[in-house]
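Next up is one chain by itself, shown in structure tokens, the form predicted alone.
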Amino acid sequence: MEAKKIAVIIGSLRQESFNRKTANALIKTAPASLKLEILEIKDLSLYNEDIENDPPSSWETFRNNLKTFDGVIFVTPEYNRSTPAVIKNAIDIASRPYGQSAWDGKPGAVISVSQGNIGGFGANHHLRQSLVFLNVPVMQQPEAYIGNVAGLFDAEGNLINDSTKIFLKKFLDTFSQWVYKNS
């Protein structure tokens, strides 16, 4: 069985962000049934319908790349009880032009990452609202809220917390089943 290709979209632009470290931990933990790859969103200009007839090449590249994936995992911080603007911008760009959404039907999952105790609960659920509209079947369980993230990685960015490693493995094993069921 060929591995399903999964886009990992990171909602923090900072190169050394805990979200990027978590995404890299996911890539290292992925079962053989999934091939995870970071799909960068940092170079996307803000969505503006006025330029949809002649969109920037970064929009076209992102849309076309996203279409090659079998599913998507969002790794998001929480900004003011919501997702960062860069994730919403990427969602908007790939959902257009109307009727040509690159998200349509792709199985998805959300992991929120926070230095706080509640692990980005607000961002996680706010993002899920947009994904429902886009017809992205989002895995319900296990929910993934990674809190107190500052103590989970070493200086080189390696995940060092054993219970988080076990959780991410369970999450990805379940997500693999979700992708195959919803593909």
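Residue positions are given as counts along the sequence shown, with the first one as 1. Since the structure is predicted, the reported quantities are computational estimates derived from the model, not experimental observations.
Omitted here: the form predicted in complex with another copy of the chain. The next part is about that form.
Engineer: Using a 4.5 Å heavy atom cut-off, indicate which stretch of 23-31, 148-156, 118-126, 62-70 touches another copy of the chain in the model of the complex.
Structural biologist: Within 4.5 Å of the partner lies stretch 118-126.
Engineer: Can residue 48 be called a contact residue for another copy of the chain in the model of the complex at 4.5 Å between heavy atoms?
Structural biologist: Within the cut-off, so yes.
Engineer: Check residue 91 for me: does it contact another copy of the chain in the model of the complex (non-hydrogen atoms, 4.5 angstroms)?
Structural biologist: Taking the distances in the model of the complex, the answer for residue 91 is yes, it comes within 4.5 Å of another copy of the chain.
Engineer: Residue 107 near another copy of the chain in the model of the complex, any heavy atom under 4.5 Å?
Structural biologist: No - in the model of the complex, heavy atoms of residue 107 and another copy of the chain never come within 4.5 Å of each other.
Engineer: Looking at the partner-bound form in the model of the complex, is residue 130 within 4.5 Å of another copy of the chain by any heavy atom?
Structural biologist: Judged by the heavy-atom cut-off of 4.5 Å, residue 130 is in contact with another copy of the chain in the model of the complex.
Engineer: Another copy of the chain in the model of the complex: within 4.5 Å of a heavy atom of each of 15, 81 and 84?
Structural biologist: Judged in the model of the complex, 15, 81 and 84 all sit within 4.5 Å of another copy of the chain.
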